[in-house]
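What follows are structure tokens for two forms of the same protein chain, given separately as structure 1 and structure 2.
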Structure 1
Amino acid sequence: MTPLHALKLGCIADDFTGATDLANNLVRAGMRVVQTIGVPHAALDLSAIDAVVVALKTRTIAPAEAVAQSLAALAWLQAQGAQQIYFKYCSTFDSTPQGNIGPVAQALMAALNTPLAIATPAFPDNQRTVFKGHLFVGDLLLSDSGMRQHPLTPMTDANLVRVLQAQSSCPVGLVAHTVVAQGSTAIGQRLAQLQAEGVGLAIVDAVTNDDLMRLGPALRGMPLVTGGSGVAIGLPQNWGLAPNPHTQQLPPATGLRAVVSGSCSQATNAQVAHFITQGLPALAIDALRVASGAPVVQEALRWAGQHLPTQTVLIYSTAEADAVKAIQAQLGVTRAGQLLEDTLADIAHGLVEHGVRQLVIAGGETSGACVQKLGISHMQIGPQIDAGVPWCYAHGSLGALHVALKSGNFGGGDFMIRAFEMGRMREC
């Protein structure tokens, strides 16, 4: 039975920060959005919500497991009455010859009984464009970009028709830019033609946001859309929705403020340095002391307790590449990462117990560890701080709080200060 307030869009994302990125685009295009961490176990009040993004971690797991988890998410979204399903993957099409984009897309098509779905990672705002079926990262072909050396999903072919065909059992086709430029009617006709030819998945060219806005209406009523987060900007118009500041409103932000940072990317290093040069209280976590069993968490929380009543505190393991390499050489890459993720998650938990209710977390894996430790089940997506990083109102085992999850290279130099100064969040 379809619930009274049926969801408009039900989304399944193959990783955690990618889910937030999609949710952020939908909010900015006029939808009220909730992101869940995995498939929810308990009932959620979705009465005022247009879209739900279920965040999975299926990008690099075995294809059969990725399919099973995605179908479980689909079943839950269908039970909420979702009118259209969106399978979200990375804008650099991160996948292996085995999957998981093709296998998951095809499993969803079968479950939804639909013979054709589009596939495009195009996200022009983030320098990802698709032309003649080839994916560009900035000015480079995907295969000439840094993605060719990715440790888990090296992308050595920029021809997406070929890449997707290698991991799909149905024929893969192309909606070329000459068609996209003509508008949604032409796109719809081309999709119908491809379907008649037996094509199951159609890569769609898009080099500008205008292309994505033309693609949106052509997707109206299709059971399944697959793409990066870019396609999302053209979908809310199908329900008569347009950008609207009210969709970004969160409850008022109150409580103490802290930043926990485990990212070692260049942008985060610059943000930590900026925070320190402003004279704000910052505490570095020493990985070797953590490894030796020293009471680092308790020390950090005691230190934070002295500053928190009046100031934003920063607790970080962020370090430059040379220092990270030295730690990894002593502890091993995996052990160093795990130890610091666990430590920062314990610190985040302690900070929230201490009264922190506005928390910025830097680092994708670090965010995952903290979100799990805080028992966060779902979050309402609010105003964007910087591209791809919104404030969220999260529901966790210690109650509700505002969090911003910043992946690696996102955010400007003053991010860790400006995030708390956003007038909009305070007014909402």
Structure 2
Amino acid sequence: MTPLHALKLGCIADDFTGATDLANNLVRAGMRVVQTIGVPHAALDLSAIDAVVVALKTRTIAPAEAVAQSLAALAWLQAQGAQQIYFKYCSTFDSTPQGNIGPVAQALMAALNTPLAIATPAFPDNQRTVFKGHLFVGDLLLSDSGMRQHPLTPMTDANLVRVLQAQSSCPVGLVAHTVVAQGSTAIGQRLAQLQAEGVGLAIVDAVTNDDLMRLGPALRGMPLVTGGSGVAIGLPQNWGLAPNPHTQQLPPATGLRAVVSGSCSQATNAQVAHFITQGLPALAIDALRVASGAPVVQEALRWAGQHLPTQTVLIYSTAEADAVKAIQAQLGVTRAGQLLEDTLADIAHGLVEHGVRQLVIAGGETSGACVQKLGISHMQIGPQIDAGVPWCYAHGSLGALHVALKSGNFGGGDFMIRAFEMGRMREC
């Protein structure tokens, strides 16, 4: 049965921070957006909503399980009447030769009976650009950036055609910048040519937002779009939508303030260091003490209780690459990651129980664990703090709170302080 209000866009994101990143760009481009945590089990009122972003935690799990969860999200979005499907992955194309970008994209293509889909992680606002099929992070090739040392998905090849081909059974092609610069008609013609040649996935160059705006109309009517969040800025125009400040309004923020950080990216390391240099209270979590059975959660919450009434607190497991490797060598990669995720999630839950109602969470895996522990079912997307990171109004088992889920690589050096000072949340 077709719902009375059919969604314009149904989105499937492979992690929770990436979901808010995508939702943020859609809201800024004029869409009314709700983000769900997993596939909803209860009915949602979508009568005033243009797009739903279903946040999954599939980036680093086994490809078969990532496919199964993504197809379940697709089925739910189709039941809501979504006119177009968007598969969102990281702007640094986080994946391995086994997946999960290629396997999930191809499974969605098969389910939607579409022979071709585009793929581009370009997000120029966050210095992610694609040129001649190669991904750049700022002025560096992806393979020369900090992503080469990522503990779960080290990216050592910047050639996206080659990376995606390694995890895809269909041929992968390229829509070069010389084509993109000519506009949407030329892009559409190139995509038709690639489809005729048997190509299934097409990397699209984009070095500016203008490129993404040219790409948008070429994707009108395509059943499936895959990419980072940048492609989102060019899609709302296909439904006659334009930026509207009213789509970004949230209820006013109240309550205590805290930051929980599990990311070990270079950007987050710098943000943690800046927070500490400002003389603000910060507590490091020791993975080895967690593994030994020490009461780390209880200690952290007692410490936080001494500072929270008057100050923003930071609790972090963030560390430099060499320190992370040393811990992984003793505990194993999987165990070390799971222990810290579970610990930070328990701490986040305890902080909210103690009255924190403004919470910044840094790191995709950490955000996923914390959001699930807090029983958050869905979030309203609000104003942007930094590119790719909005404030959200979340509904969880401990009540409503404002939360920002920050991808590890996103945000300026002062993000963890400025997020609470922006003062832009207004009553709806």
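Please note that residue numbering is based on structure 1, beginning with 1 at the start of its sequence. Quick caveat: nothing in here was measured; it's all calculated off a predicted structure. Throughout, rigid core stands for the largest set of C-alpha atoms superposing within 1.5 Å between the two forms.
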{"property": "Pair member which, unlike the other, is the form predicted on its own", "result": "2"}
{"property": "Domain reorientation between structure 1 and structure 2, expressed as the smaller rigid part's turn in degrees", "result": "18"}
{"property": "Core-aligned Cα shift of residue 265 between structure 1 and structure 2, given in Å", "result": "7.5"}
{"property": "Core-aligned Cα shift of residue 374 between structure 1 and structure 2, given in Å", "result": "3.1"}
